[in-house]
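Only one chain comes next, encoded as structure tokens, the form predicted alone.
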Amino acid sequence: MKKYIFTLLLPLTLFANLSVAVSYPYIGALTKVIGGDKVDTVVLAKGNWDPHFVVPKPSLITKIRDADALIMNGGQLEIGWLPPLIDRGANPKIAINAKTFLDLSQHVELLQKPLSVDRSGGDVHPDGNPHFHLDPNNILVLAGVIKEFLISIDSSNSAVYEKNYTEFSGMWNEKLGLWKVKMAQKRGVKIVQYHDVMAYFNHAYGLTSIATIEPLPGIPPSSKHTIELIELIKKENPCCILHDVYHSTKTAEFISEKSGIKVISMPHDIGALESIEDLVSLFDYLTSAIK
């Protein structure tokens, strides 16, 4: 009887999918497309949440407790919420130094790395701006990194991961060409942001961010700063305010009313708006937002 039960369970053990927990939806999308039917992807945060401030709820601990691997954005974007989850999950497979742990920020060049960090500069990320996935060119880099990661921990399915990456990269390169053409006329356009979420998108397409509604990262705008910003807008004539979906638009709407420039919602991840269902629709939206 014991031998019979073992025989029944053996195929499940041999052919069980790899369970990979990821911090954000965009990582989940890449992991799913590269992993295909060999990987079960568990996404911890939702796309319409502020990625800096995710509440480490017990339900998230349950999600990572049985994961075979963990992929995070890094750049200290998850610093306030993922380390507590890792500690409470007590799963050695997702420990920071484990072979089955991947920090994507270690594989791209980060912009805006500060020369020094102290509280007078606001909530500054010491490693640089962590929103690197919003350069669509980096998406292809990250897809390759995830492919190599999956192969390193599941070599038996390397052919599947290679095939899926090749198909994705072919499609993505076509999209990059289309988005480049679409954004060519926008190079040099001035914009204002609430928080500098779009730094990598701006860098990719030559948009010039002249100011943020936040006087410093993570610091709410004061009346004085808001008035100064309105005067700057009247002087510099930016096209619009590119606003993330998770901060209040109250100040932006006031600035819009006083200066005449429009406010445009800019989703930062899949699910940030209802219409953003995948990575292609995310960048289709972003590259169409500035008229």
Partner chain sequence: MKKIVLSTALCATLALAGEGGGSFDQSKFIPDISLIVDTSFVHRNVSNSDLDNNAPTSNYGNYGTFKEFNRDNGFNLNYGELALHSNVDQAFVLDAVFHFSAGSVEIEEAYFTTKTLPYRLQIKGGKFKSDFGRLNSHHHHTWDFVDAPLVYNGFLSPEGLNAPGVQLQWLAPTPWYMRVGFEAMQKGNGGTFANDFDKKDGEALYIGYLKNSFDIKDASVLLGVSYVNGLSNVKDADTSTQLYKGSSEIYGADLSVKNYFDSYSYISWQSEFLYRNMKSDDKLLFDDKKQSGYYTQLVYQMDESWKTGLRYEGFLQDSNGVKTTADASYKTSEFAQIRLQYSHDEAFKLRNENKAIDEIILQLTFTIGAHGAHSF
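Positions refer to the first chain, counted from 1. Remember, predicted model here, so these are calculated numbers, not experimental data.
Keep in mind the form predicted together with the partner chain is missing from the figure; the text below concerns it.
This chain is drawn without the partner chain; in the predicted bound form, the residue among T62, T226, N237, S265 with a heavy atom within 4.5 Å of it is T62. Proximity to the partner chain in the predicted bound form, defined as a heavy atom within 4.5 Å, holds among G206, P114, G144, P84 only for P84. When contacts are judged by a 4.5 Å heavy atom cut-off, K180 does not count as touching the partner chain in the predicted bound form. Looking at G188, you'd find every heavy atom of it more than 4.5 angstroms from the partner chain in the predicted bound form. Under a 4.5 angstroms non-hydrogen atom cutoff, the partner chain in the predicted bound form has F53 among its neighbouring residues.
The closest heavy atom approach of E231 to the partner chain in the predicted bound form falls outside 4.5 Å. Proximity to the partner chain in the predicted bound form, taken as heavy atoms within 4.5 Å, picks out 90-98 from the listed stretches 196-204, 156-164, 136-144, 90-98. With contact defined as any non-hydrogen atom lying within 4.5 angstroms of the partner chain in the predicted bound form, the contacting residues in 201-222 are G218, I219, P220, given in sequence order.
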